[in-house]
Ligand SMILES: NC(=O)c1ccc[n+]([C@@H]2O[C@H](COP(=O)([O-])OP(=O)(O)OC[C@H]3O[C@@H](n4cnc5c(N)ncnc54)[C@H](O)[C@@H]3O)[C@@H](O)[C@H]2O)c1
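Shown here is one chain on its own, the form predicted alone, set out as structure tokens.
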């Protein structure tokens, strides 16, 4: 690239801080040109805290896109607004970094995916777990068949939030704009598990509960997915867990090895063992450092958005698909809608869904 790609961030909440840190770490490749938020003071505070200069502030995303014509639009607004803003940005010449979930229905996510294909736009989804160190190396080796057949996998995401978190914004925990523990906190974990296991879901069976939080959607959800390759995957997502100890753990069991990895209270956990119990952690750690360097490995572990932006910039310059692309965004939403539909109808459902299903179809669900 002869000059840095310009970036506009739409939505100046918590996650936007991580976006700015990533952009700053990629100085020379990316440059932040604008911040946009309907609450102007939120954008002004974010800009002041960043210490950056030469960044314009907007309250209307259409004005921002029209004036700046950014190479990349980062969409970090509440999930219920993703479809409208993402579609508008692509139709006006911008590639996207789109936070999860892609949209709040399988129809809208399919339309975003199809629009990206029609207009040849790149979409990098905010599925952060794909960009953590070592994850891609493990996925490649599983895909090559080095460890034999994939047998089963499991994830749990215990990302506790108290009532203050949900009360901080009216849209949090609603079926229309946010969804519950599975849709908001667990969707990128489901994406990672399916990606590691190397096969698409073909059936979902689930149950939802509301145990502690006074929200419209679930604060606890569990599901079993059957994959096209015959493997099974179990899913647990909870926000009714301890808010002081966020944890997300993944296990993939193959014929010749077991991979367990994740985060527990901000600390990385890794246990890779071949058949017979031989530990393979060092092999992957050394491979990661040799290929990507120690500095980048540490930075991307602390802020996976660095990996997303770096990969998106490379995808634009080389005209290739991002690691977590538009299809990944659609597929993960379709799987989540299947999980919700299974709970609502109290039966297993076939994936991908044949009919449209939206999170708002869960309104009035009897927990």
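Computed from a predicted model, the values in this text were never measured in an experiment. Residue numbers count along the first chain shown, from 1.
As for the form predicted together with the named molecule, it is not shown, yet the points below apply to it.
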item: Option touching the named molecule, based on a heavy atom within 4.5 Å in the predicted bound form, out of 207, 169, 268, 146; value: 169
item: Listed residue (90, 112, 233, 128) with a non-hydrogen atom within 4.5 angstroms of the named molecule in the predicted bound form; value: 128
item: Contact stretch among 115-123, 98-106, 199-207, 213-221 - heavy atom within 4.5 Å of the named molecule in the predicted bound form; value: 98-106
item: Non-hydrogen atom contact residue 311 with the named molecule in the predicted bound form at 4.5 angstroms; value: no
item: Touches the named molecule in the predicted bound form: residue 52 (any heavy atom, 4.5 Å); value: no
item: Exercise: residue 38 in contact with the named molecule in the predicted bound form, heavy atom 4.5 Å; value: yes
item: Partner proximity in the predicted bound form: residue 248 to the named molecule, non-hydrogen atom cutoff 4.5 Å; value: no
item: Residues of 297-335 having any heavy atom within 4.5 Å of the named molecule in the predicted bound form, listed in sequence order; value: 305
